[in-house]
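Next up: a single chain in structure tokens, the form predicted on its own.
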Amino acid sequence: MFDTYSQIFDRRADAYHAAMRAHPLARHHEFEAVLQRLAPVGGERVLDAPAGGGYLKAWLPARVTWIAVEPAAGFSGHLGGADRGDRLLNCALEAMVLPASSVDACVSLAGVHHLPDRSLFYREVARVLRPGGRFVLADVATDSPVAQFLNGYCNEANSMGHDGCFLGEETPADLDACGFDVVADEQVPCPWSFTNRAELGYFCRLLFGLDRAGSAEAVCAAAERTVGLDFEPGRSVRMAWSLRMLTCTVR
């Protein structure tokens, strides 16, 4: 079993990135939802942590400076170049090489369930945000269908396993203890969209490293059993993905 974020994605980053390149719009509801809550405007500095392969950048408004913090070296080659003042930082999430009060807002999308101690990351986000800065934390909710899919089916179908520690009832209190006021705490539907079942199965096999899964259809069937699928005959298939999103301000 690989335990830390860096250990996992030093091995899995290439396959994950291949999935996102093949279907860059599949998860558009996630990116739109977190940015709707963050509401960045031109001239602001937005921290993306962990940044993965830099997928959030394409959804940011014009004249927003993107600051990507990514601890996994496996993702570093996929982040692209820095422009318009953007910064790409390969460092630990718990010890970011950024000055205090140097960013206006932060998004953390679907990465903290691989951190052994999230409070260290929360405190670091609070340190680098300016007073009153915004933080949107979006990840899988404990005991949700998505959690069952990841820690159940994906754990069995991935030779590295999947043992995520998801957002539970303690999360608002943990954020409060680290210097944040929680403004909103929502379970947000953000379905993944594909043209057909084969695309969905292929995407999930790569994204989650499902080397033991067999066919793309087997992956699709597992998703249908746990998370659920919606169909529009002849046009699309959607995976009923959902994330818990907490919108915060730093004190």
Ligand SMILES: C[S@@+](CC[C@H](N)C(=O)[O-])C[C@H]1O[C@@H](n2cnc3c(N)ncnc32)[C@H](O)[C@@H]1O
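Computed from a predicted structure; not experimentally measured. The numbering used is simple: start at 1 and walk along the sequence shown.
Unshown form predicted together with the ligand; subsequent notes refer to it.
J.: Can you work out which of 137, 72, 129, 140 has a heavy atom no more than 4.5 Å from the ligand in the predicted complex?
T.: Of 137, 72, 129, 140, the residue with a heavy atom within 4.5 Å of the ligand in the predicted complex is 72.
J.: Taking 4.5 Å between heavy atoms as the contact cutoff, choose which of 202, 66, 194, 55 touches the ligand in the predicted complex.
T.: Of the listed residues, the single hit is 55.
J.: Indicate whether residue 40 is a 4.5 Å heavy atom neighbour of the ligand in the predicted complex.
T.: No, residue 40 stays farther than 4.5 Å from the ligand in the predicted complex.
J.: Any of the heavy atoms of residue 45 lying within 4.5 Å of the ligand in the predicted complex?
T.: Result no; residue 45 lies far from the ligand in the predicted complex.
J.: Mark residue 115 yes when one of its heavy atoms lies within 4.5 Å of a heavy atom of the ligand in the predicted complex, and no otherwise.
T.: Close contact exists here: in the predicted complex, residue 115 approaches the ligand to within 4.5 Å, heavy atoms only.
J.: Just checking whether residue 219 would be counted as a contact of the ligand in the predicted complex - the rule being heavy atoms within 4.5 angstroms.
T.: Looking in the predicted complex, residue contacts with the ligand do not include residue 219, since no heavy atom lies within 4.5 Å.
J.: 102-110, 140-148, 121-129, 177-185: which one contacts the ligand in the predicted complex at 4.5 Å, heavy atom to heavy atom?
T.: Stretch with heavy atoms near the partner: 102-110.
J.: Heavy atom within 4.5 Å of the ligand in the predicted complex: which residues of 7-30 qualify?
T.: 9, 16, 27 sit within 4.5 Å of the partner.
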